[in-house]
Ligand code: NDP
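The chain below stands alone and is given in structure tokens; this is the form predicted alone.
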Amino acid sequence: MNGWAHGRHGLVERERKAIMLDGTVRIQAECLKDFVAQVFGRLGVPWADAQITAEVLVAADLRGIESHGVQRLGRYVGRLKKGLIQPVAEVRLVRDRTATLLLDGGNGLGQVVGSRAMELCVEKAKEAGAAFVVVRNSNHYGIAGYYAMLALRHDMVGLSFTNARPLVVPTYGREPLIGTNPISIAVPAGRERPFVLDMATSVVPSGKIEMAARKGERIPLGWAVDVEGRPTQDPGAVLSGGSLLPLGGSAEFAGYKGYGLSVMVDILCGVLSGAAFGRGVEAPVDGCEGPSRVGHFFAALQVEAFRPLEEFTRDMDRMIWALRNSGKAQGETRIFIHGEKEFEAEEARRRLGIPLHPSVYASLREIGEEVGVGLEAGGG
């Protein structure tokens, strides 16, 4: 027994008491992480790999990026059950140079493949000063920022990109050919928190369109287009054949810049590594589902290879202080530094528990019941 087994009545009563005034169910991070790891373990994922995958998913929820957190667990479980993801990630070295690596992810869980790749990148950077690792034959890896931040433990600058299934149109286009293709960079500082940029190259993630559709709300112009490539405020038109717009939106608002960034990510992650790119990512084969063939790109820069670490972090502190304390627009009281909101969310959620929408909590319970793992609600 895993310690969470309980009667149906007891579970319902605990769930009722755990629903907060905001309508969410709170679960402690370690409890949620252990639950997710046990689910993966029951599906044949080695325990160490199951823990890594769970850590990445829960890290997203801790940082307030719910779209890439445990609400995606069902997608991973489904693909594992169908044999579309290999439970044992046999990461293979394809090419090895002084400061570069090409890895094959063996169609394993992207979180496992990504973590191993970034660790190897950091080790190479310790010797070469800077290192670059590209990965092919992987899967969705969660939040890009998790891997960039691994470099912070070694006082390095970390970068992490990944391509994704096509949901975004090129500027002036109507066919989705590029993914939301996120970019992340993590930079150490001194007394200040690290600078952590973690962003998609589309205006919004697809989850915001789905949420608007569920609520019966319209979306702002500039988020998406319908099947003909016309700007739309109807989320249903987007979900029934439409597409997201690249960062910036239409050409009038410099959407071609987001389009270019997204293609850049696809080149570095897909073309450079020999992974899928464009429509090839998660594309069905002859009408049947197949491997995602996702590609990743990682980089690590050793600060000491360029200048003394103490001088660098001092200047990072000065830059962050200047941004935060610059003049505010009328009616505004705070200027945020990239990563600040996420760090503050993590601090609060570690104390109070991670808030899950009741439907997400119910889906987790259902997944757990299918594999014989229980989940207990409860905040801090």
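Just so we're clear, the structure is a prediction, and the values are computed from it rather than from any experiment. A residue's number is simply how far along the shown sequence it sits, counting from 1.
Just so you know, the form predicted together with the ligand exists too; it's not on screen, but the next bit is about it.
A.B. asks: Pick from Met118, Leu268, Val196, Ala125: which residue has any heavy atom within 4.5 angstroms of the ligand in the model of the complex?
C.D. replies: None of the other options qualify; the answer is Val196.
A.B. asks: Which listed residue (Cys31, Met319, Ile337, Leu43) meets the criterion of a heavy atom within 4.5 Å of the ligand in the model of the complex?
C.D. replies: The option sitting close enough to the partner is Ile337.
A.B. asks: Looking at heavy atoms inside 4.5 Å, which stretch does the ligand contact in the model of the complex, given the options 125-133, 218-226, 88-96, 199-207?
C.D. replies: Flagged stretch: 199-207.
A.B. asks: Mark Arg349 yes when one of its heavy atoms lies within 4.5 Å of a heavy atom of the ligand in the model of the complex, and no otherwise.
C.D. replies: Judged by the heavy-atom cut-off of 4.5 Å, Arg349 is well away from the ligand in the model of the complex.
A.B. asks: Is Arg293 close enough to touch the ligand in the model of the complex, meaning at least one heavy atom pair within 4.5 Å?
C.D. replies: Although the ligand is absent here, Arg293 would stay clear of it in the model of the complex, with no heavy atoms inside 4.5 Å.
A.B. asks: I'd like to know if Thr162 sits close to the ligand in the model of the complex, meaning any non-hydrogen atom pair within 4.5 angstroms.
C.D. replies: Yes.
A.B. asks: Wondering, does Ile143 line up within 4.5 Å of the ligand in the model of the complex on heavy atoms?
C.D. replies: Looking in the model of the complex, residue contacts with the ligand include Ile143, since a heavy atom lies within 4.5 Å.
A.B. asks: Pull the contact list for 167-187: residues with a heavy atom within 4.5 Å of the ligand in the model of the complex, in sequence order.
C.D. replies: If the 4.5 Å heavy-atom criterion is applied to the ligand in the model of the complex, 167-187 yields Thr180, Pro182.
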